[in-house]
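Encoded as structure tokens, the following chain is the form predicted alone, with no partner shown.
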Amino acid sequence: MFVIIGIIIAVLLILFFYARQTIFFKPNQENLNHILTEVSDGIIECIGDVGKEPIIRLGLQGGYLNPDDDTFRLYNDTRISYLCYDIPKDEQCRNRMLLVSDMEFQLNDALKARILGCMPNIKSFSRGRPITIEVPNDLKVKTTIKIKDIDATVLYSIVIRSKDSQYKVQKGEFTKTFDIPLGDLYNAAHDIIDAETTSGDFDQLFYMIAKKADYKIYKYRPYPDKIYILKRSDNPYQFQFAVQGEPG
């Protein structure tokens, strides 16, 4: 009997909250603003859910999301891009680092496809309510790689209106910030490549001491190449790349 009573109470509570959101929902400006906040939170959560994977992969592959054949070394099952090509019979190498803007462009494309996959869920916020949610068929993504973090901004016009068109709210910009120091590690990688292109080697121990142990830099030598793995001491994110060597 107690189990049955508990089930009945649970059902009644569910019906109460559903009715409060549907039957008793008043399509005024305040309520539409509240729904817009829910929609905004949903889009930002979507950006966070789908955006982390390509950002992590970008770091593991030396700034290239889809490296071409013969431009990377397979190391620990990861395609680590050569950021410095071998110059025959020379200790120096040729720089092929991407610009920050190039990495941002790749992330824009990767995030756009993933975020569009979340959008069908946005219209579900109108279910059972006397409102309509209008969304376009396309969106724009603007990624900004900064020193300590990354901003991913979605430009996407959301319009929420009551069905009698008396009230309307809209928003067109949604930003998620990732606590990922890609810009900082990119600058450190640039220092390493500068050394490799001028002197043919890099002293990571001296560099780490000079930078007051802000970075952890590991150098491996799978013949005939070099693999550099960079991390900040306060963040697990890593940026890694290869320097192409010349077989003896």
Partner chain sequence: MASLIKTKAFFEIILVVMSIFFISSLNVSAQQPSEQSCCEKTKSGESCVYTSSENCDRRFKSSNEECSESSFCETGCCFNDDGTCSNSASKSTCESKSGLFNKGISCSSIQLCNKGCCILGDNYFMATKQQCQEKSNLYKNLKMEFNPDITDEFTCISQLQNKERGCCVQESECIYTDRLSCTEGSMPPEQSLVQSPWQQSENSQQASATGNAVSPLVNQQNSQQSNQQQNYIGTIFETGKYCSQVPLCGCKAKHHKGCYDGDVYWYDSCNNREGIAQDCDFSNNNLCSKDTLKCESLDCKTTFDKKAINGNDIVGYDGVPRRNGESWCEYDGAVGFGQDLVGSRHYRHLCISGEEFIEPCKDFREEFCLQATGKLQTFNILEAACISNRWKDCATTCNTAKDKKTSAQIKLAMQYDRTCCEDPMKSCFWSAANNENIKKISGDAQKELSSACTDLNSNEPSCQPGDYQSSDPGNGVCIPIVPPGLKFWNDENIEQAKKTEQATADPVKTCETAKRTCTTYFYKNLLTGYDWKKVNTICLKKDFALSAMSYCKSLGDCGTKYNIAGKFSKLAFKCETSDGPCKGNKHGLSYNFINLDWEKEVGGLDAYTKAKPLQTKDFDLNGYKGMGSPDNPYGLANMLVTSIGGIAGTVISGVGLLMPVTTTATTTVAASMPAITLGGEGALAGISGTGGAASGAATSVSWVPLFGILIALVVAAFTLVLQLTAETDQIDITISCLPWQPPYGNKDCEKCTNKEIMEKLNFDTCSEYKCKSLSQNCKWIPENEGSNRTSCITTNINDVNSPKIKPWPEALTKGFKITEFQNGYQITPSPEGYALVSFGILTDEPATCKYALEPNIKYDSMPADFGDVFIDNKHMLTLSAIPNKLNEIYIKCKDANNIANEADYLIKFKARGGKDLTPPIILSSSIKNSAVISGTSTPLSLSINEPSRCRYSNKETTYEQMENPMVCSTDSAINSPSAKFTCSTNLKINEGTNIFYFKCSDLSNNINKESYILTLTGSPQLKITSTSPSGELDLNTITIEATTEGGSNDGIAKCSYTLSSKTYLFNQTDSTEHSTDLPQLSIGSYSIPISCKDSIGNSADATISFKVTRDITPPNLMFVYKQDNTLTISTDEPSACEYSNKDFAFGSGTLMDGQDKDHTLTIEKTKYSIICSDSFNNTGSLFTIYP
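If you're wondering where the values come from, they're calculated on a predicted model, not measured in any experiment. Residue numbers count along the first chain shown, from 1. So that the term is clear: the rigid core is the largest set of C-alpha atoms that superpose within 1.5 Å between two forms.
The next section is about a form of this same protein that is not shown, the form predicted together with its partner chain.
Remark: all three candidate residues (Y85, L99 and R221) come within 4.5 Å of its partner chain in the predicted bound form, counting heavy atoms only.
Taking non-hydrogen atoms only, T132 never approaches its partner chain to within 4.5 angstroms in the predicted bound form. Put simply, S40 is far from its partner chain in the predicted bound form: not one heavy atom of it is within 4.5 Å. At a distance threshold of 4.5 angstroms between non-hydrogen atoms, E30 is out of contact with its partner chain in the predicted bound form. Shown alone here, Y156 lies farther than 4.5 Å from its partner chain in the predicted bound form, counting heavy atoms only.
Along 204 to 220, these residues reach a heavy atom to within 4.5 Å of its partner chain in the predicted bound form: Q204, L205, M208, I209, K211, K212, A213, D214, K216, I217, Y218, K219, Y220.
When the rigid core is held fixed, the Cα atom of P136 travels 2 angstroms or more between this form and the one not shown.
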